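Below sits a lone chain in structure tokens, taken as the form predicted alone.
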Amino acid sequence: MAGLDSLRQEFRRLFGAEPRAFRAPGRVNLIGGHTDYNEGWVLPLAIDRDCLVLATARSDRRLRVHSREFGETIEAGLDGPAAGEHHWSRYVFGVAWALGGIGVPVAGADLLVASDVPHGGGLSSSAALEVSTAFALSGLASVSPDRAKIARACQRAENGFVGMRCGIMDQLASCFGRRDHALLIDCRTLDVRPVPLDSSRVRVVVANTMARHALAGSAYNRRREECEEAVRRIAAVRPGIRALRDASWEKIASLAQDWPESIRHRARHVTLEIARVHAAAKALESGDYEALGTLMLESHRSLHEDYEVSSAELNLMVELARELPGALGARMTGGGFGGSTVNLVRAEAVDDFTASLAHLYESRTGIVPQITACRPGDGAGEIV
């Protein structure tokens, strides 16, 4: 991605004004696949890849947004329609719409968007765009909302404006990221607890399979519906259950024996995955990275077999990674159906691991992957 000085020059050329600059990171989830919209716990970290939004206020109620990656400018009134259903700009206009619900008086603005978070790679480029836009529009309005409220507004934008029924993990991770820490997030209470990750001992490596996925209106939403059906079945017998986080597999396994296979499998994954998240946080806190790696492999197996959101490319990337020297664990990350894996690797082996994994994957598939060692980074804010 171009440097900030270059982006400021581009903004001045496009819009004839001096901008303020805001950033929000992508995220990778160490463990906790599809537990967020079940009000469970997750263990993500913000990564050192960002979406930048340069912004200046307008005197009318119009948003003019230029995407550097797509080479496209979209302009529309805040009260009018945005672009088509799956267009990138809907995330921007959706955030402008949702911020009003948390008391941000959004006015017109010119925005330049630039991102080095890969699109469709499972690193939540959409949440990075949402959160950076939210910080930019709030900043222009001279309002500093609570970060949890910003995350909730961004989730509402994606749910209600884009049509993607995502949970809130991605937005919270982008808002609350802390350098050299993962985040144990309670997706019901929105409590965020930083957990140290020692980069001198282990590194997080993201391996993008280059198999793209489009989630809105797809199998992702069906998985959420299947979880809701499981909750209805449990609550009919055990009132008070409002989400799968309120159940444990040990207590519902016998009840689920007569359920449709897909509903039973989804509930088994989510309830056991939540238990794995708590075990992983304890392993991380105690520096037991071998135990964390084992839990990541168990998580991937469950996402493949019970939740059925993996892919041939993701499975191959995990299998190749686990055989390499220095590898401790690997799993798919993101919504699934393509995208990236997250790998836990001993620090001294990370360079050889990255090169070997890229070579092996390309030799098996003919596809050149994008493999990057990441460091846990800080959350969103203005660049001053």
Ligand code: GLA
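Just so we're clear, the structure is a prediction, and the values are computed from it rather than from any experiment. Heads up: residue numbers just count along the shown sequence, starting at 1.
There is another form of the same protein, the form predicted in complex with alpha-D-galactopyranose; it is not shown, and what comes next is about it.
Student: Determine which one of 145-153, 249-257, 201-209, 163-171 lies within 4.5 Å of alpha-D-galactopyranose in the predicted complex, judging by heavy atom distances; exactly one does.
Tutor: Among the candidates, contact is made by 163-171.
Student: Give a yes or no for residue 37: in the predicted complex, does one of its heavy atoms lie within 4.5 Å of a heavy atom belonging to alpha-D-galactopyranose?
Tutor: Judged by the heavy-atom cut-off of 4.5 Å, residue 37 is in contact with alpha-D-galactopyranose in the predicted complex.
Student: Against alpha-D-galactopyranose in the predicted complex, would residue 338 count as a contact residue? Criterion: heavy atoms within 4.5 Å.
Tutor: Contact with alpha-D-galactopyranose, no.
Student: Might residue 326 be said to contact alpha-D-galactopyranose in the predicted complex, defining contact as any heavy atom within 4.5 Å?
Tutor: No, residue 326 is distant from the partner.
Student: Can you tell me whether residue 220 touches alpha-D-galactopyranose? I mean in the predicted complex, with a 4.5 angstroms heavy atom cut-off.
Tutor: Residue 220: contacts alpha-D-galactopyranose in the predicted complex.
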